[in-house]
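Take a look at this one chain, the form predicted alone, written out in structure tokens.
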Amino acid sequence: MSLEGKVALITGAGTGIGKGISKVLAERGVRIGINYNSSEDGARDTLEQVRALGSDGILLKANVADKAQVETMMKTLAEQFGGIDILVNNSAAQKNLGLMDYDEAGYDLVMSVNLMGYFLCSQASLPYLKEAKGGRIINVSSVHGKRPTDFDVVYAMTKGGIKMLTRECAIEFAKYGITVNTIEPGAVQIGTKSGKPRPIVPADKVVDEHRRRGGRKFPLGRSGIPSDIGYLVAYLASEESEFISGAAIRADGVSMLM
């Protein structure tokens, strides 16, 4: 499953899942376009880690909901590394508000980042992915594209929209040999405010953890970590996945079934 020499743009790569994806792909020799909007310190840390893993990267500040900024970002990355092979749409906004607590500004923000951003990046990446001869688009969504959140109605709406965007793009881009898929993570540990990751639950502590969380929420004994999503991205970006397109793959440690 070699990805050596490929070029990937990862949106929202300064934190959490985006950082984890960047590291997994860098381990496989992928050069990384590290997009961020406000998390500059985090993006610089991602770049340092990518280089420490023996790959290379470039910082790309852009608001993914702004068409001009997105197009400039794509052009800059392609000029720096000679093209773009992989787009990972990962940027997300989440306000954790109920339906009656949202105002129009909050609604527009979450919709513009979580859905319009994926739409604009998919559009702008197409000329480069066509040149790549087997380009890949991987959209990071959520189990809440299927299941209501009970904590953020607009966030859940955008995650449902990503699934249909993936399906439409998979059909439209198939003639170019480009595959488009969605990953639906469940709960993922993205670190504390100090930047240190939360510990994974040891196997011998699973029962205690289940009690603490109030039930069988995580049957495999832990919630996810960013590399779990990164490994799935690496597979979907590889030649081995060339017959998978328009799919939504859940990565949640069985918790969706509980």
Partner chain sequence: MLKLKDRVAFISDADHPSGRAIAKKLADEGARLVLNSRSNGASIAGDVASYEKAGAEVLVTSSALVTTEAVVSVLGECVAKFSRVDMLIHNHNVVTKMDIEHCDEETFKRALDENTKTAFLCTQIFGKQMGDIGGGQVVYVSSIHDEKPTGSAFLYSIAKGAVKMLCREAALDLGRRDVRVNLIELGPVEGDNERFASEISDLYLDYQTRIPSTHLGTYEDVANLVWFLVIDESRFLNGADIRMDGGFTLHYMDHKMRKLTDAARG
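Only a predicted model underlies this, so the values are computations on that prediction, with no experimental measurement involved. Numbering follows the first chain given and starts at 1.
What follows is about the form predicted in complex with its partner chain, which we do not show.
- Annotated contact segment (heavy atom within 4.5 Å of its partner chain in the predicted bound form): 65-73, selected among 226-234, 42-50, 23-31, 65-73.
- Within 4.5 Å of its partner chain in the predicted bound form, a heavy atom is found for all three of Glu104, Lys130 and Glu172.
- In the predicted bound form, its partner chain sits beyond 4.5 Å of every heavy atom of Asp85.
- Although the partner is absent from this view, Leu120 contacts its partner chain in the predicted bound form, with a non-hydrogen atom inside 4.5 angstroms.
- Its partner chain in the predicted bound form comes within 4.5 Å of a heavy atom belonging to Gly160.
- By the criterion of a heavy atom within 4.5 Å, Lys95 is excluded from the residues contacting its partner chain in the predicted bound form.
- The contact with its partner chain in the predicted bound form, taken as any heavy atom within 4.5 Å, belongs to Val153 out of Ala78, Val188, Val110, Val153.
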